[in-house]
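Single chain ahead, by itself, as structure tokens, in the form predicted on its own.
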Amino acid sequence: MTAMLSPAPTAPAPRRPARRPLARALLSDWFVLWLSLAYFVVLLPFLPTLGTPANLVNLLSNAWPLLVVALGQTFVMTIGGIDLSQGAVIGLTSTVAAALIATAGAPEVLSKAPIWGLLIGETGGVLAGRIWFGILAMLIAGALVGLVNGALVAWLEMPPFMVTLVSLITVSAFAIWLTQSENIRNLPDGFVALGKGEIVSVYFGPKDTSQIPRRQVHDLVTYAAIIAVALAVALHWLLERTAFGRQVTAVGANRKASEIAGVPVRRVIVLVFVLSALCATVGSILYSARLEAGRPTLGEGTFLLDVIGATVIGGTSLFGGKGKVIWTVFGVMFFVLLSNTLNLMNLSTFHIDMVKGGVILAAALLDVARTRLLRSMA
């Protein structure tokens, strides 16, 4: 009787060596930074203005407010949600602050607004010139919107998309109603300095500095930069070094498992949405100060596209459970650089939005590719 010989086990096929460097590159924390540098170098010969010191300073000034708002969106996306109400929070808090701290009011503009005579008059707001009280009022108003959003998502288990979409519509309409869609000007100089004040300025021009045109003086280190960098460092520490940060990531990775493990899921969700609204409020401070006016429509248009686009491009997963502040910093850098180059190409607004949409779609596809790579390498 012949013994049946079992076939020898076949060794697993070795992975293709070419895939390993590509996988490491795609999963690297620095991938978007290298992509930004490559994009800059490729376009520099075709757009010489791109590399001028004045344009580089302009890039940084545009990045700070966007970064502040995108940091809050990073936390929401890390728990597997999305916050569409950030633009509405910016419009509301900008209006509230301007109405309270304006040094004078224009009756020909605001006389028909519900806040006229209540929060602001011809002599200014009820807190005219008291900048820090106005900022505190902004933070409270923003936190209340975030608290409502978080409570509805956490306790009623409503979809974040639907909750924040309703907030976007409702809060935006309320802000516009407060001023009847009018802007509030005459903001205190101290408040304006938060968005336009400089600590270190640089001058690009002839050596004869006896008569320097203001357009040749550029703010290198501004109060907005200090605020944005400080907030980014603080939130990086919060997400990477604290128990709360680990809970945020755990909730995004698997909410049910987090509940079983004893993570206070509902509290985490509420705090994340409050944090997102507070970041939007800080962004509102920088944008309002930069424009020297309170605008109820400040966060409308394609602003939300820029925030979500920068966050997704940075690498924060749309599926939750994966997000880093450093990724968002690089994503904002790339998105601001992209917007700048498209403007230098003299493209129309429609073409710019089409390109941005395509880039965000590519970033979403990249997120899917990264997720699959992580699963295959596990």
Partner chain sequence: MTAAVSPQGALDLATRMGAVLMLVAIVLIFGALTPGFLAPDSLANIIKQSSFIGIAAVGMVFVLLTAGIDLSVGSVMYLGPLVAGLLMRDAGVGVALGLLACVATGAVLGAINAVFIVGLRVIPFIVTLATLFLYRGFGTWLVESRQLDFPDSLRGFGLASVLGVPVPIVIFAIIAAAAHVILRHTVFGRHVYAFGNDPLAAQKAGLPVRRIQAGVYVISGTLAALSGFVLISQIGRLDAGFGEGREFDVIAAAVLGGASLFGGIGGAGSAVLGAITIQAVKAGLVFSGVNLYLQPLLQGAVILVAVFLDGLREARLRSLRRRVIRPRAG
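Positions refer to the first chain, counted from 1. Predicted model only: the values in this text are computed from it and were never measured.
Heads up, the form predicted in complex with the partner chain isn't pictured, but that's what we're talking about next.
Engineer: Which one, 317-325, 39-47, 63-71, 331-339, holds residues whose non-hydrogen atoms are within 4.5 Å of the partner chain in the predicted complex?
Structural biologist: Careful reading of the contacts points to 317-325.
Engineer: In the predicted complex, which of the listed residues (A141, A106, I227, V166) lies with a heavy atom within 4.5 Å of the partner chain?
Structural biologist: It is V166 that has a heavy atom within 4.5 Å of the partner.
Engineer: Answer with one of I285, I269, L278, I308: the residue that has a non-hydrogen atom within 4.5 Å of the partner chain in the predicted complex.
Structural biologist: Looking at I285, I269, L278, I308 one by one, just I308 meets the 4.5 Å heavy-atom criterion.
Engineer: Classify S181 as contacting or not contacting the partner chain in the predicted complex by the rule of any non-hydrogen atom within 4.5 angstroms, answering yes or no.
Structural biologist: Close contact exists here: in the predicted complex, S181 approaches the partner chain to within 4.5 Å, heavy atoms only.
Engineer: Is I176 a contact residue for the partner chain in the predicted complex, using a 4.5 Å heavy atom cut-off?
Structural biologist: The answer is yes: I176 has a heavy atom within 4.5 Å of the partner chain.
Engineer: Does the 4.5 Å heavy atom contact test between S111 and the partner chain in the predicted complex come out positive?
Structural biologist: S111 lies outside the contact set for the partner chain.
Engineer: Verify the contact flag for L235: yes if a non-hydrogen atom of it lies within 4.5 Å of a non-hydrogen atom of the partner chain in the predicted complex, no if not.
Structural biologist: Contact with the partner chain, no.
Engineer: Of 137-155, which residues get within 4.5 Å of the partner chain in the predicted complex if you count heavy atoms?
Structural biologist: Heavy-atom contacts within 4.5 Å come from L152 alone.
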